[in-house]
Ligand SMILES: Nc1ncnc2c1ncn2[C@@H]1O[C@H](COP(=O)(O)OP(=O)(O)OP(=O)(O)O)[C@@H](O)[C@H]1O
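Here you get one chain, nothing else, as structure tokens; it is the form predicted alone.
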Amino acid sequence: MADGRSGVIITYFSTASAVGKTILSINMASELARIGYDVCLLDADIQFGDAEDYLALNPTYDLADAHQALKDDPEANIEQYLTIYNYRSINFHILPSPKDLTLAYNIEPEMVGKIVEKLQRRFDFVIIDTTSMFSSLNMILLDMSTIVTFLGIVDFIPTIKNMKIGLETLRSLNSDENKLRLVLNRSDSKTKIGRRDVENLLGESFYHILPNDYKAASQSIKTAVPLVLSGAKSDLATSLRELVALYTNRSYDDSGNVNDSDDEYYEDMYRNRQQSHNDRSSGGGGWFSKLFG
């Protein structure tokens, strides 16, 4: 965002593991970069994050380095700790999770929040991949987010139960439900559980539904090329672009070119984010303070 405005923070969160948060985060960052935005992906799964592996990167620095730099100097330039992913002149930045697992235990959630604030002032979009738990770090990140993509799959009853508990927890902790987006991944995977039954149980329809495309996803991981950049025909890639279009209020023509955006959409999104920030600052509380305060 220009003129001193803060960038949009989109966080991927789930109460179940192996639901596709990382591959979706990577593809959202890639597609936003493809259509012209300045994007940074933060891998906030501080113990087992693997976004750099998905992209076949060998970063020099990671979140632990940026964290230490900011502790030593509050005015530290975080950008020098980022790694650039580039594919056919399309690029975005990434701040990987700590390479050394032992360093994850020294990560202070509030310090990561300050890193995100710096990234937010630099980039149009900050995409955050999280781990599947209501940790203090995740609650701070969710609290800061403009949009929270709550990702689920319909496979087993325990997974759906956790999805329901997680969604109810997020609703109870947050006064602004408008930033929650319930997204279903791998929708047509073989299961006897009906999507409509799940929606009735959750009390909410899915905001967007992504198809199951194991072959395309596996090929993307194997080649370290995000689906939306590969050029391969894939229903999943198309659906991922549709999700980005929903989040940016843009549309695509038949060739995949993006149409102009509605500036008022961004202004409203920015004002809402600013109001949420002001409410937290004035003691209105947020997800973190309500759960851990």
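Fair warning: this is a prediction, and the values are worked out from it, not measured in the lab. The numbering used is simple: start at 1 and walk along the sequence shown.
The discussion below concerns the form predicted in complex with the named molecule, not included here.
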query	finding
Segment assignment from 75 to 83, 96 to 104, 208 to 216, 119 to 127: heavy atom within 4.5 Å of the named molecule in the predicted bound form	208 to 216
Partner proximity in the predicted bound form: Asp45 to the named molecule, non-hydrogen atom cutoff 4.5 Å	yes
4.5 angstroms heavy atom contact with the named molecule in the predicted bound form for Arg186	yes
Close approach of Ala33 to the named molecule in the predicted bound form, 4.5 Å, heavy atom	no
4.5 angstroms heavy atom contact with the named molecule in the predicted bound form for Leu167	no
Site test, Cys40, Leu55 and Val228 vs the named molecule in the predicted bound form, non-hydrogen atom cutoff 4.5 Å	no
Residue (of Ile147, Ile221, Ile140, Val198) lying close to the named molecule in the predicted bound form, criterion heavy atoms within 4.5 Å	Ile221
The named molecule in the predicted bound form - contacting residues of 18 to 37, heavy atom within 4.5 Å	Ala18, Val19, Gly20, Lys21, Thr22, Ile23
